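Coming up, as C-alpha cells: structure 1 and structure 2, two forms of one and the same protein chain.
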Structure 1
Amino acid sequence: MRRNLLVFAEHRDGKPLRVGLEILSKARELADERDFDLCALILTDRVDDAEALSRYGADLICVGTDESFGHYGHGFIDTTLDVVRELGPYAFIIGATALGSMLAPEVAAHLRTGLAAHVIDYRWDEDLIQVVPSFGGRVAAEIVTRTTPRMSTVKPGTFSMIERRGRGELKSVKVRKPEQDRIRFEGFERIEPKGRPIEDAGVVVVGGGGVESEKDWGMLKELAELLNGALGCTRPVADRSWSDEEHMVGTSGKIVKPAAYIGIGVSGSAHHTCGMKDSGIVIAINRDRNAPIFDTADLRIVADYRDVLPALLTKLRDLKKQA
C-alpha cells in the first residue's frame, strides 16, 4: 500500500454529504504535496455512485454497504477499525456530523491515537500541522499528533469543494456488525426546521440576545425574507423557542460564509464570531458602541434595531414592489 490519507465520506440516502467532499478536496492538496494516495471510506446502507468521489480526488474508494449502516451503531466502529488497520493511513479525517462526532473519538481511542477536533486548516511542516480553534474560536492552536494515523474532524463548511480527478479504484470492505449491539436504533424523528437553512444562504441575518421579543423576531424574519436570505441566531436565542440549534451560528453551531451578514442585537462572543468571520460584508446593529461584534464588522451601526429595522423594511418592501 502506498502512503495515503483516508477520508470518511458519509452518505445519506445514497448520496455523499457535502462535508466529505469538502474534506476530500482539501486532503487532495495535502496528498499531492507529499505524493500520497487519497483514500475514501463509505459505510452506508445504500450508495448510488461510489465512483463519483473520484471527481473530488479519491484514488481508492473503499465501500461497505449493509442495511445496519443506515444509522449509527457499533458496526461502524469495528468496520472502520479494520479498514484503518489494513490501509495504515498517515492521517484519517472525519466530518464532524452527528455520526462522525460519535465515530471519530471511539476509533481514535481504540487505536490509542490523537484526534484533533474541528480543524480549520491543515499544513505540512515536518509533520502534518492541524490548526484547531479553542476558547470558542478566540484562540487557534497548532497541533501535531505523535501517533499514526493522525486523526481529526472537520466541521461542515470549513473547506471549499474543488473538483480534481483521482484514480477512483473501487474496493469492497468486509462489513462487521456485532451480534447484539448494546445500542439499538429504534427510528428517526424528523424535526421541521424553523426556517430556511443558513449554510448556503447568500444573506444571513442573525438575531442575538439583544432582540427583545418574539414580535421583534418577526421583523428579523421579514428582513431575511425580503433579502432572499436565511435567519440565524446565537446561543441565547437558540435557548428560547424562536429559533433552534440548526440555525445557530458559531462553534457549537454552524459555520457560515454568506456574501452579506447582518447581526442584530448580537454581542459578538468568540463562540459566535468564529462561525461568521469569513463572511463577505459584515453589518452589525447594536446599541452598545463597545459591543465586541463591532470589531468583526465592516459597518458598525450604533443604534436601536427597533428604530432602524422598520425604516429598512419599508424601503426594502418598496424596492420589491418596484421590481
Structure 2
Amino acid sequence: MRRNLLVFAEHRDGKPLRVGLEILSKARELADERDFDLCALILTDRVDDAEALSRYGADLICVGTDESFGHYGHGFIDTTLDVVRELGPYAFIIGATALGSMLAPEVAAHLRTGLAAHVIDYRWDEDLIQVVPSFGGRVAAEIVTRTTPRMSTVKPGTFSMIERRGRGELKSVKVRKPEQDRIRFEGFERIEPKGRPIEDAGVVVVGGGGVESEKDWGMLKELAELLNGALGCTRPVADRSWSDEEHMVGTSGKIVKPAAYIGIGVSGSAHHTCGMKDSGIVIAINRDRNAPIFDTADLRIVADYRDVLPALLTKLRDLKKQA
C-alpha cells in the first residue's frame, strides 16, 4: 500500500465534526507535498454521508458502524488499533475533543509511539515537524517523533476547512468489541453552553485580567450583544468565575477566527494570541502602551477601557434605536 496519513474523523449524530474536516484539509496539503494517500477513519453508531470527507481530501474512507460506538469504550481502541496496524500510516492525527483526548493516548500507548498534544502547525523537513505551544504558550516548540506512526492531537479551530477533493474510496471496517468492557457507560447528558459559542461568532469581544470588576464585565457583555457577537475571556477572568473555560480564548481554551476581535484589558501573552492570531481585524484597548497585544492589533487604543466603553456603548445603543 502507498504511504499514507490517517485522520480520525469523529462523527456525532451521523455527521462529521468540523475539527475532523479541518484536520483533513491540512493533512491533504501535507500528503500532496510527499505524494502520500490521505485516509480517514470513522467509528460511529451511524453515518449519514461518509463521502462528505472526500470533499476535504480523503482518498480512502474507512467506516466502522456499530451501536456501541454511540459512546466511548474499548471497542474504539481495539478497532482503531486494527485499522492503524493494517494501514501502517506515517502519521495519525486525532481531534482534541473529549473523545479524541481519551482515544489518542490509549492508542499511542498500545503502539508504543509518541504523541504530540495540541499541535498548532505541521511542516515537512527531513521528517514531519509538529509545532506545539509550550511554557504557557510563550514558546512554540518543534517536535519530531522518531517512532511510527507519528501521532498528534489538534484542537478545533486550529486549521481552516478547505475543499480539495480526494478519491473518496469507501472501505468497511470490521468492528472489534471486547467481551467485557472496563469502561461502563452509565448515561449521557448534553449540557448546552451558556452564551453564544465564541468559535462561531463573527465578532468576538474578549475581556482579560485588566477588567477590574464584575460590574465592568457587564459593559463587555452589553458590547458583545450590541455587536451581535460573542463574549470571550482569558484565564484570569475564568478564575474569577465571571466567565468559564467554555469561553476562554487561547492554547488552553478555544481557537477563534472572527471577522473582528476586540480585546479589552487583555495583555496578549503568546498563550492567548495563539488562539486569535488569525482573526480578521484586531482591536485592542489597554492602558499599558507596551502590552504585547498591540503587536498583534490592527487598531491600538492606549486608554483605560472605562474611559472608552461608556461612550462606545451609548453610540451603539443610539444606532440600534435608529435601525
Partner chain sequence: MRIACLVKPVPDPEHYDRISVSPNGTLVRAGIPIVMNPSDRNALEEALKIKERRGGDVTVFSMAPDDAEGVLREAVAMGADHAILLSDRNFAGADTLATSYVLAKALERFGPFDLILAGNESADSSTSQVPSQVGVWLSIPALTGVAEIEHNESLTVRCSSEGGRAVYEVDLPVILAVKRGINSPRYTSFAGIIRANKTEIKIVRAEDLGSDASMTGLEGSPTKTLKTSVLDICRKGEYVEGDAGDIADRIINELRKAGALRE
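Since the structure is predicted, the reported quantities are computational estimates derived from the model, not experimental observations. Reference numbering: structure 1, starting with residue 1. Here, rigid core means the biggest group of C-alpha atoms that superpose within 1.5 Å across both forms.
- Taken from the form predicted alone, structure 2 is distinct in origin from structure 1.
- Once the cores line up, the CA of R287 ends up 2 angstroms or more apart between the two structures.
- Taking the rigid core as fixed, one finds a CA shift for A27 smaller than 2 Å between the two structures.
- Fitting the two forms on the rigid core leaves the C-alpha of E163 displaced by under 2 angstroms between the two structures.
- Aligning the rigid core leaves the CA of G218 displaced by 3.5 Å between the two structures.
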